[in-house]
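First, one chain by itself in structure tokens, the form predicted on its own.
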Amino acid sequence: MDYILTTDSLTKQYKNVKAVDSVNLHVKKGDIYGFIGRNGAGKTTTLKILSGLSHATSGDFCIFGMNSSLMRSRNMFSKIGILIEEPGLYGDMSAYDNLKMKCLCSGIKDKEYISKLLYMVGLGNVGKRHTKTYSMGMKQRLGIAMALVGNPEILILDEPINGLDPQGIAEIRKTLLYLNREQGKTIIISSHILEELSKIATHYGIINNGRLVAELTPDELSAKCESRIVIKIYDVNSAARLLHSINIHKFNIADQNTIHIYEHIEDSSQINMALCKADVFVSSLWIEQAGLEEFFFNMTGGADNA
């Protein structure tokens, strides 16, 4: 398969702690690759290495068919636009002038080019305002515009929706979809908000404690979020014994009044009848699909890592 970016046992160690531990990513051209993990899981460290801002302790990566050494010698990191953590903006300068400084550093002197970037990220009508008056969402969109200077093929965005209100998140989502679908940008976007990334991502990588625990397509992720029978009940211990007696073993007790069953979904009515015949009172029963956030929570260790 033709990948625009891969990593080979990428590792970053600080003394006795491996912030990134033998990570193997696979990103295809045209992907919106959702890089998912809790805070401190290793997302930012990985993205800094891929951006050329940090060096790996061991392992390597390949972008555009070149390893990290060749990328540096050929100045290919200029083909990667980055927004790591917060955009570095001068608050007393306008968005236009912030972009102008970045363009001049990149050898770009075309004024129209700056205006086009501002309109591309939805800031065309506010480009003359000082950025200190901008909302967080507007600052993030300007940060994306800064990352787009030089027309990079890949965008690496670290938590661009973190701390935004729903409107700000929607604005960033619209911008990213435009850049991907209309401009052909490959986007790697990190976040710990799986539900939001599920609206735009074409592939996912899930990292936990520095290790990549899964790479999934949206269809594979949906399949992992399996359906279940939810039973609200007063005596969960009696219900659990009854379920074992009728050869239902794939279930868990969610709380003192709730059981989740993950097999024989089509037999929910028979299960209800069996419980009633055994005088185990059921207050309610329904079928639902486990949420994406719950799947992510389970994949990253649940309460053990909270």
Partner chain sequence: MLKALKMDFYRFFKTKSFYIILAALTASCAIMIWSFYITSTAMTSDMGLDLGESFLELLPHTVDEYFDAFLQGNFLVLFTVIFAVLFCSAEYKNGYIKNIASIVSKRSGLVFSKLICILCAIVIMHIITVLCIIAGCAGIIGITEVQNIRGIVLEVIWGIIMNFSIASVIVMLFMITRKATFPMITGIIYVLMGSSVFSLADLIAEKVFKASDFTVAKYTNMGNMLYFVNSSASSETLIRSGIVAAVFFALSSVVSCILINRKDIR
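Numbering follows the first chain given and starts at 1. Please read all numbers here as calculations on a predicted model, not as lab measurements.
The form predicted together with its partner chain exists for this protein as well; it is not shown, and the discussion that follows is about that form.
The stretch from 59 to 67, 43 to 51, 238 to 246, 252 to 260 that comes within 4.5 Å of its partner chain in the model of the complex, counting heavy atoms only, is 43 to 51. Proximity of F77 to its partner chain in the model of the complex: non-hydrogen atoms within 4.5 Å are present. Among residues of the shown chain, P87 is one whose heavy atoms approach its partner chain to within 4.5 Å in the model of the complex.
Under a 4.5 angstroms non-hydrogen atom cutoff, its partner chain in the model of the complex has K102 among its neighbouring residues. With a 4.5 Å cutoff on heavy atoms, H55 counts as touching its partner chain in the model of the complex. Contact with its partner chain in the model of the complex, defined as a heavy atom within 4.5 Å, holds for exactly one of M120, M93, I200, A214, namely M93. Among the residues K224, R72, R129, R173, the one placing a heavy atom within 4.5 Å of its partner chain in the model of the complex is R72. The partner is not shown here, but in the model of the complex the stretch 11 to 26 reaches within 4.5 angstroms of its partner chain through a heavy atom at K12, Y14.
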